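One chain is shown next in C-alpha cells, namely the form predicted on its own.
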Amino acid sequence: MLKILRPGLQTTIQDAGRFGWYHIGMPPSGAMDQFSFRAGNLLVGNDQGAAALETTFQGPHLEAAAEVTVAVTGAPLELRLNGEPAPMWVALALRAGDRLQCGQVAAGVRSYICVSGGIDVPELLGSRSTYLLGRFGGVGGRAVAAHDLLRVGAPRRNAAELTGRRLDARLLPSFPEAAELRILMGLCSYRLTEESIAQFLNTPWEVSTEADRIGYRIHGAGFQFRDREPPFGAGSDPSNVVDVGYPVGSIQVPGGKEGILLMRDAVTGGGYATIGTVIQCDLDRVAQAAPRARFRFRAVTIQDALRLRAQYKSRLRAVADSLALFDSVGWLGQ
C-alpha cells in the first residue's frame, strides 16, 4: 500500500486506457505518454498496461506501507528517496516507512510512478484509468489527494529480482521544446483552401496555456475556408460540419482562428471540422509539450503511419529485450 503525503499538482491513476466505449461518448483516458508509462511497467515486472500514477509538472510525495518496487519514468524531475537523490528509469526498492519525493519537472510535463503489482483500484468499463471530466475511474474519478491510501496488487517478481533494473540509455526518450508531429490529413481538410493547408504544414504552431488531458490549443497562422452553403444540420460557422467522430489526436479548427488537438479525455464527436489526426506514436510528444512549446506538422500516408506504428511497437519490444539482457548479465561498469 502507498500513502499519499502530498498529491503534487495533478496526479491521477491511469492504465493503458478504456477501449470499446467510444460509441457512448466515453473516451479512452489512460496514460498520455504511453512509451514512458509502458517502459516503467516493464521495469517493475508488470504487464505494460498495469495501472500507475501519472503526474503533471510536479509529482507527489509518497510513503510505502510495505515493501514495494517502484520506477519513475517520463519527464525528468527531482527524485529523492528518504531525502537522498534517486535515479529515474531505474527499479527502486522501498521498505515500509520509506518516502519517495517527486519534485518539479525540468523538461516535459508528465512523469509516471509505476509500482510492481500495479495500483489496485476497481475496474470500470474494463479500465482503472481516471476520466476527470466525467468523474469516473481511479479514486472516485478525481486526482489523488493527501492521505489517500492506494492498494498495490501482488507483484509477479520479488524485489530482489527487480531492484536496480534499468534501460539501455539509447532507448530513453528526449523532451524537446520543439517537435515534429506526423499527421494524416482528413476527415474534413476539404473545408480548407489549398493555400491554408500548405500554410498549416509549413509554419510553426505554439502550444497555449490551455493544454490538458482533454486537448491542446495551438496558435499559428490560422485557417481559411472554402466558400460553401452550409449543409442541413451544420451551423453557420465556416468550420461547422454535420457531426463527425473525433479520433484521439484529431485537430479541430473552430472559427478558423486556432487549432485544438484532442487528447485522451476529449469528447468523442461533434460538429467542428477536423482537418487531420496526429499519428498514435507521436501523441507521446504532445503529452510532454508544455505551454509555449512548438509543433511542426508533416503529412504522411496511411502506409507511413502503419510502418511508424510497427517501429514504435518494435521499440517497446527492445525495452523488454534490454531488461531481459540486464537480468542475465547486468550492464558493464555496474
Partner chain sequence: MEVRYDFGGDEYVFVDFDIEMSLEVNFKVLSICQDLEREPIPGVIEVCPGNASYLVHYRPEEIEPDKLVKELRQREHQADRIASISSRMVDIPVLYDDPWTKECARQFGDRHQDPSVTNLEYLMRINGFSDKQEFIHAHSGRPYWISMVGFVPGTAWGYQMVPRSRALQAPKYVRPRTDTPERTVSHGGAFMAIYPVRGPGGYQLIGMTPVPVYEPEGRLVDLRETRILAKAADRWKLRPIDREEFDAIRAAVEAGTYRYRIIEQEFRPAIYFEDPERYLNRLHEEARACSKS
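Not measured: the values here are computed from a predicted model. Numbering follows the first chain given and starts at 1.
Below: the form predicted together with its partner chain, not depicted.
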{"query": "Contact assignment for its partner chain in the predicted complex, among Tyr216, Tyr112, Phe200, Tyr131, heavy atom within 4.5 Å", "finding": "Tyr131"}
{"query": "Of Ala145, Leu149, Val244, Ala178, the one that lies within 4.5 Å of its partner chain in the predicted complex (heavy atoms)", "finding": "Val244"}
{"query": "4.5 Å heavy atom contact, Arg296 and its partner chain in the predicted complex", "finding": "no"}
{"query": "is_contact(Arg156, its partner chain) in the predicted complex, heavy atom dist at most 4.5 Å", "finding": "no"}
{"query": "is_contact(Pro291, its partner chain) in the predicted complex, heavy atom dist at most 4.5 Å", "finding": "no"}
{"query": "Gln48 within 4.5 Å of its partner chain in the predicted complex, heavy atoms", "finding": "no"}
{"query": "Partner-facing stretch of 92-100, 186-194, 68-76, 165-173, counted where any non-hydrogen atom is within 4.5 angstroms of its partner chain in the predicted complex", "finding": "186-194"}
{"query": "Any residue of 253-277 that, in the predicted complex, places a heavy atom within 4.5 Å of its partner chain", "finding": "Ala266, Val267, Thr268, Gly269, Gly270, Thr277"}
